[in-house]
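Form predicted alone, single chain, as structure tokens, below.
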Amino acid sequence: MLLFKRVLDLQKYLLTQKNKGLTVGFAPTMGALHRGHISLIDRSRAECDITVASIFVNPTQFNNAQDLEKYPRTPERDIEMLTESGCDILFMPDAAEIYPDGTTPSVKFNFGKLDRVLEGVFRPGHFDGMAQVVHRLLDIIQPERLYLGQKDFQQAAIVAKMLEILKLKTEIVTCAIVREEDGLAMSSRNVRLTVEDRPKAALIHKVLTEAADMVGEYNPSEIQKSSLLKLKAEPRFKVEYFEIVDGRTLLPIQLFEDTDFAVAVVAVWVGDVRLIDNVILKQIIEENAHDTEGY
């Protein structure tokens, strides 16, 4: 695996490869890698000639300075995992490489309501920073395919909208959530859970699974009410939201018949750690649509 820290060096190398007709897949990360991240690398390697991963803890998408400070950083282990996965290139820039002109956004996107609901309510400014860094990374790498995880469902929807706004040819591929044995969605934040809280966190997926089982017999508001009661019954939980939304607009739905793409999304503080998760409740894929494994 090749390691690049400078933008110009990476671009020069990628240009020589693209001139040979090779395709590039890209998986952006903030490090503290786990099997969920590696599943993106695996998918890219299966579909592209060259796979690029980036590790950059982006300061502009943290609305809480303490969250940025506490974000786990494990560069040596990350490099080892990526090397073992067969990743071709790792891009590990510093902030000056990503933001040579400072962190003030050069482009401001209008995502409509996509960035103002769910996470947007509780993490103001987060998606501005996320879009800023993804835009910059795409401009640097110019991949044919961009690989994202379904766990960050709203992020994937916003990036898809950004690609549409910019009229970029990069194809977004959203890969299924990878879970621990007890169902907890893999996340870099899981390592911060206390010994007491870690088993309790599995309740999030259990509630989502039970919500999926209720589809067909109950309407979205009934499922939401039941799910909130189960989550709030755990003393160590502080629920920010549990919503059943249209998977494209991210707005709440009243009836499952109103959409062909319904998703249950949740954000919960487990002790001092904030976790998000989701499950697709309904999805009708168009006959010629690209298979994105659950997005």
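As the structure is a computational prediction, the values presented were derived from the model and not from experiment. For every residue, the number given is its place in the sequence shown, counted from 1.
As for the form predicted in complex with adenosine monophosphate (AMP), it is not shown, yet the points below apply to it.
Contact with adenosine monophosphate (AMP) in the model of the complex, judged as any non-hydrogen atom within 4.5 angstroms, is confined among 100-108, 197-205, 74-82, 152-160 to 152-160. For the options V191, A176, M92, I165, the residue carrying a heavy atom within 4.5 angstroms of adenosine monophosphate (AMP) in the model of the complex is A176. Exactly one listed residue, out of V134, L148, I140, A211, brings a non-hydrogen atom to within 4.5 Å of adenosine monophosphate (AMP) in the model of the complex: L148. Contact annotation: S227 falls outside 4.5 Å of adenosine monophosphate (AMP) in the model of the complex, judged by heavy atom distances. By the criterion of a heavy atom within 4.5 Å, S39 is counted among the residues contacting adenosine monophosphate (AMP) in the model of the complex. Contact annotation for T29: at least one heavy atom lies within 4.5 Å of adenosine monophosphate (AMP) in the model of the complex. By the criterion of a heavy atom within 4.5 Å, I172 is excluded from the residues contacting adenosine monophosphate (AMP) in the model of the complex.
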